[in-house]
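Only one chain is given next, in structure tokens, and it is the form predicted alone.
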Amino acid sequence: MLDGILLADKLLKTHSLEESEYKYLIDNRSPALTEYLREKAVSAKRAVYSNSVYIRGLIEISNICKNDCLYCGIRRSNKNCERYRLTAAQILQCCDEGYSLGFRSFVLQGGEDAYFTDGILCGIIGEIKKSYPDCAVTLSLGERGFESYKRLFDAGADRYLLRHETADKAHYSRLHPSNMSFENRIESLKQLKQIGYQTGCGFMVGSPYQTSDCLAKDLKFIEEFSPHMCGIGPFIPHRQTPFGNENGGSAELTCFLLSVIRLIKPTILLPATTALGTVRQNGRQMGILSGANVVMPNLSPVSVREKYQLYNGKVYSGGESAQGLEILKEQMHEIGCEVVVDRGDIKEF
């Protein structure tokens, strides 16, 4: 007979469970099990990172995308999306402001916009590294191919975030158009690690058609792939997508899974995402208190933040914005954590 607390102890000791055991944890989630996992996850995080919370300056460089993912507000078919694209000068200006605020890590995120060729991106990355040699550059620009990833890495990019979205092939096909391939997404992640990036994956919690079997596969994939970073957040529908009328994901389940992921890999860099802060006013704090140790305030120009609408109601002000960094610091201080000025690299032992 399986027991949730015993499985949590096994995970704490071995950092591994069978897929069926991950499913059991999810299916038998209870307040007592959630609290037990949360306490163990926070202890595991503090053993590696103390009470530090790392900040990344998020720069959303373009909401133009060639893809038509069924859940995404900037999908190609959304004719009501007001498109924009930042210039190199605007991106560098964001970095300049971020550096002065104390950011030492910048995340360039955007849709799969053909304008941003390897040459253009290499130039931008080179300028950032030249101006701020003590900073890390993270890219989150979708699927590009091995040679492209290699060129961007050689130009100075340190990290790459590419959410796998789901480790279940059938589920992947129900979230994406037929021209997008589950196999290609997984192969891309493997290529990123092979090249030498600090590599991040991730998934939506509560996406349409998701089951506890799907989530168990996600957890097993994270265990076996061993990413440096993992971004998970609750699914939030966008009204101008095919999933516009679906229910959103749960903050509580998201936090439960954050705790499990922390115990799978105690050294992992684990964000408390904007989506978590969107579905709950104190969602970011909930995430940190469940084992997360990264936050990504928005450094994008104020004039475009509202246009990067992956889902309805996305928050981008207050503690979610770079300009609200003092608010964020106070929020973290209230829960016993400290925002640090640091590149925030993964600590491997």
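Only a predicted model underlies this, so the values are computations on that prediction, with no experimental measurement involved. For every residue, the number given is its place in the sequence shown, counted from 1.
FYI, the form predicted in complex with a small molecule isn't displayed, but the following is about it.
Novice: Partner absent here, but in the predicted bound form, which of 191 to 199, 231 to 239, 213 to 221, 264 to 272 has residues with a heavy atom within 4.5 Å of the small molecule?
Specialist: Selected range: 231 to 239.
Novice: Even though the small molecule is not shown here, does S105 get within 4.5 Å of it in the predicted bound form, heavy atoms only?
Specialist: Although the small molecule is absent here, S105 would stay clear of it in the predicted bound form, with no heavy atoms inside 4.5 Å.
Novice: Tell me, yes or no, whether F153 is in contact with the small molecule in the predicted bound form, where a contact means a heavy atom of each within 4.5 Å.
Specialist: Close contact is absent here: in the predicted bound form, F153 is far from the small molecule, nothing within 4.5 Å, heavy atoms only.
Novice: Does E165 reach the small molecule in the predicted bound form if we count a contact as any heavy atom within 4.5 Å?
Specialist: Contact with the small molecule, yes.
Novice: Any chance S140 has a heavy atom within 4.5 Å of the small molecule in the predicted bound form?
Specialist: S140 belongs to the contact set for the small molecule.
Novice: Which residue among G98, P227, G277, G111 has a heavy atom within 4.5 angstroms of the small molecule in the predicted bound form?
Specialist: Looking at G98, P227, G277, G111 one by one, just G111 meets the 4.5 Å heavy-atom criterion.
Novice: Out of M204, L257, C94, A157, which one falls within 4.5 Å of the small molecule in the predicted bound form, going by heavy atoms?
Specialist: Going through each option in turn, the one that passes is M204.
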